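Before any questions on how it binds or moves, here is one chain, the form predicted alone, in structure tokens.
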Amino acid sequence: MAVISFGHTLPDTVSYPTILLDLPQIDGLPLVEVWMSDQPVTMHRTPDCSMAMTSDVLLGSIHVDERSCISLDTTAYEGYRDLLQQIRALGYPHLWRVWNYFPRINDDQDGLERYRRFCVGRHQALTESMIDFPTALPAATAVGTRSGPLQIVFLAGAHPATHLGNPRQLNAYEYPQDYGPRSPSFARATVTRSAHDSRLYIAGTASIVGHTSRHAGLPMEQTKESLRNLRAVLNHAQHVTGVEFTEAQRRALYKVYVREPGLLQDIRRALQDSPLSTHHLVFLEGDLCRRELLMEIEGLIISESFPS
């Protein structure tokens, strides 16, 4: 359905969508992320958007170049407005998971941090088009790249998914205005189900308790706090859905976004004694949504168990 590359190009002769992100991999052999399906796949392309569809699922990416004299909130609004229009027209109206990538995420733009401007534009597009806002908001990630346009990678479905919070954290869409004019519009996790498995998509998860960042300047402690949040999401997902997301019955993939490569050793040390160490881990260099955050983890958990 698609291939996502981190910091290196792919051949332009392939027929499936390719998504190039300027997020350098900072450890291990070079990897690409491959999305596959055992169902027939249909492609749909426009100049700014590529999508691959099965009968139930759409995987796509849209990029919006930033224009001079146009702020990021307008760019984000245009990207999300077009995204929502296209998935509805194609018959996949339910957003399941979103990844947002753009450069200079923590820079100031006309008196407001770029991430906060992005949140304003995203919020405007979603509130205009999403009937069940905010309960239908999907799990999401926002990471700063070294270069490139605003790139939105998204998974949408023909049927609704289950979106979840984290008992240790305030819902992002309920953050106070200390974090910007519009709160971030995403869920902490999303569960989807098919005839074959259940999947838990965990949003970018950092060292935040309630709505407050913890352990400024301490990468090991931030990693441990992020792990506590991940465990809380797993337990909450199992409680709400009845799906057993236990070690014996699941496969998992995790991306760890690291602000500076020099922090990797401490972050790895904190991960050694965690369940994550037995699963696939990809470490990527990227800036995060708050300046004080040094790392963030997202995950995809695939369980072959089903609710009783």
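Heads up: residue numbers just count along the shown sequence, starting at 1. Everything numeric in this text was worked out from a predicted model, so none of it was measured.
One more form of this protein should be noted, the form predicted together with 3-(2-carboxyethyl)benzoic acid (3EB), which is absent from this view; the next part is about it.
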4.5 Å heavy atom contact, residue 296 to 3-(2-carboxyethyl)benzoic acid (3EB) in the predicted complex: yes
3-(2-carboxyethyl)benzoic acid (3EB) contact at residue 166 in the predicted complex, heavy atom, 4.5 Å: no
Proximity of residue 154 to 3-(2-carboxyethyl)benzoic acid (3EB) in the predicted complex, heavy atoms at 4.5 Å: no
Close approach of residue 77 to 3-(2-carboxyethyl)benzoic acid (3EB) in the predicted complex, 4.5 Å, heavy atom: no
Sole residue of 219, 184, 144, 121 within 4.5 Å of 3-(2-carboxyethyl)benzoic acid (3EB) in the predicted complex, by heavy atom: 184
Contacting member of 83, 208, 191, 126, with respect to 3-(2-carboxyethyl)benzoic acid (3EB) in the predicted complex [4.5 Å, heavy atom]: 208
Option from 134-142, 220-228, 67-75, 106-114 whose residues, in the predicted complex, bring a heavy atom within 4.5 Å of 3-(2-carboxyethyl)benzoic acid (3EB): 134-142
Residues within 4.5 Å of 3-(2-carboxyethyl)benzoic acid (3EB) in the predicted complex, restricted to 83-101 and counted by heavy atom: 100
